[in-house]
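Only one chain is included here, represented as structure tokens and corresponding to the form predicted on its own.
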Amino acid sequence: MLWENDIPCFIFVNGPSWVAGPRLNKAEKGTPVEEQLAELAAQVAALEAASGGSVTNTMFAETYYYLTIPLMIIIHAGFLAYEMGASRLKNVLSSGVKNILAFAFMIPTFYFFGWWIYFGFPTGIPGAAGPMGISGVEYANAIAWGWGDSAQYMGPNIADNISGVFFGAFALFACTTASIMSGAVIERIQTVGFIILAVVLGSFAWVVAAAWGWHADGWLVTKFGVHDFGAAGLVHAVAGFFALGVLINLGPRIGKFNADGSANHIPGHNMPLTVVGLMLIIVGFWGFLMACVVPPGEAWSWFPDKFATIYGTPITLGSLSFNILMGVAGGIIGAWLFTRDPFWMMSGALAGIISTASGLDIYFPAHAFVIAFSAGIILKPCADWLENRGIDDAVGAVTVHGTIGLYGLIMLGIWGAGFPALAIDNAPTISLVGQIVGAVVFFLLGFVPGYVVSLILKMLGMLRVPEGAEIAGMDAVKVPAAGYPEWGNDAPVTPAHPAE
């Protein structure tokens, strides 16, 4: 801290290191420099103690994650509009109810056991502690057990500014996985069966993937150098292929396929609503990817002076801005060149972000554009390939999130090979082999539980609505409201005052 005309001036050099020294007035020349330095050092210490600098940083970190939560909720506003628009008029409200319930059930189930799984099992079963000392069942019991003993971290605590908002960001990741699956199964799935599947996916399956591949102690990271900054594989691909497992047992909508196996297009009732919903998801993605960044300067931060990924590798919000925008643009252009269809163009925007998400911290903007453009090009052919095999994915979720998620994960193994996957000494490096290993694991963590749980539900008669209800429309039998009553093709209008 320098003094100029008795005004204190702070000079920062190379981040938080700062130069302090006296600036002597002529009248002070006879005062020993050592005494002034000692006095100045005492003043600096007092100012540091009283200035609240660390408090300010803590408040910034807390606010940072807090703001990601409403931004990610915009994703769910988008999914809600997207799925309702993609549904036929007779099913529009039932699709909305299902999406709202997916969001609601994720929060308590992720609180009570999903968060605990993330910290308990990065090294695998039986839940031993990892080399960084921030994992294992014992550690999870201390900080992430929502039932009591870790209440200082899982409840109100004025000494803990971060646990709740960090949990909130992860809980919204869980909600996203459930919403991804939700769109694929519209117009024929039972509500209770869907909720069970959503809980398994959002509070278990993807959480295991995150523990293994999105944690500094995760065995996929430490042993194979798996790197998935923006969760292309461990959120999107897991959810997409979980949906595929469900779709195999759920079957197609009535009328989707002809006797010869050819497919019919079943349009939703409101394409503009669907496209706007997709754009809202893009808006929410900024919060999603923002929540993948670790702010500096806290006890739990990787660095005192710069942002980091969850792996501790450096990143800037500037690099995210460059690459997200280029990813969105590349995906739209690629899909437009191939389809000219606004639905697939906006799906291409999602594919553009997802295909680049694993390496947004590493790519230059040109890389992001090329990868996203190629994802937009292959999007519709991949969806057609799946449909030609008798899979009725109503919104293309398996392709957009599953196929493109793994595509992006593997692309990083090519474009990012040799970069450190983790910020430790002798760190494993990103490699094509490691990313393929991660892709296989994430595929299995999605597909296997999706297939097995949906098969059990099918055997119990809890997976699909009866044929009559599907033909009549699920709104008429499942929802005590009408989406468009004035059109005359919803539930009958009941007078507000029956006596009249």
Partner chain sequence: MFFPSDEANWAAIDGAMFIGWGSMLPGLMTFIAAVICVAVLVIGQRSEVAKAKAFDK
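Positions refer to the first chain, counted from 1. Quantities reported herein were computed from a predicted structural model and do not represent experimental measurements.
What comes next is about the form predicted in complex with its partner chain, which is not displayed.
Undergrad: Among 86-94, 347-355, 415-423, 201-209, which stretch sits within 4.5 Å of its partner chain in the predicted bound form, heavy atoms only?
TA: That would be 415-423.
Undergrad: Could you spot which one of I315, M154, I310, L247 gets a heavy atom to within 4.5 Å of its partner chain in the predicted bound form?
TA: If I apply the 4.5 Å criterion carefully, the residue I get is I315.
Undergrad: So its partner chain isn't shown here. In the predicted bound form, which residue out of I125, I254, L337, A104 has a non-hydrogen atom within 4.5 Å of it?
TA: When its partner chain is considered in the predicted bound form, the option within 4.5 Å is L337.
Undergrad: Is there a heavy atom of S150 lying 4.5 Å or less from a heavy atom of its partner chain in the predicted bound form?
TA: S150 lies outside the contact set for its partner chain.
Undergrad: Although the partner isn't part of this model, could you tell me whether Y363 comes within 4.5 Å of its partner chain in the predicted bound form, counting any heavy atom of the residue?
TA: Yes.
Undergrad: According to a 4.5 angstroms non-hydrogen atom cut-off, is I333 in contact with its partner chain in the predicted bound form?
TA: Yes, contact at 4.5 Å.
Undergrad: Check H367 for me: does it contact its partner chain in the predicted bound form (non-hydrogen atoms, 4.5 angstroms)?
TA: Yes, H367 is a contact residue.
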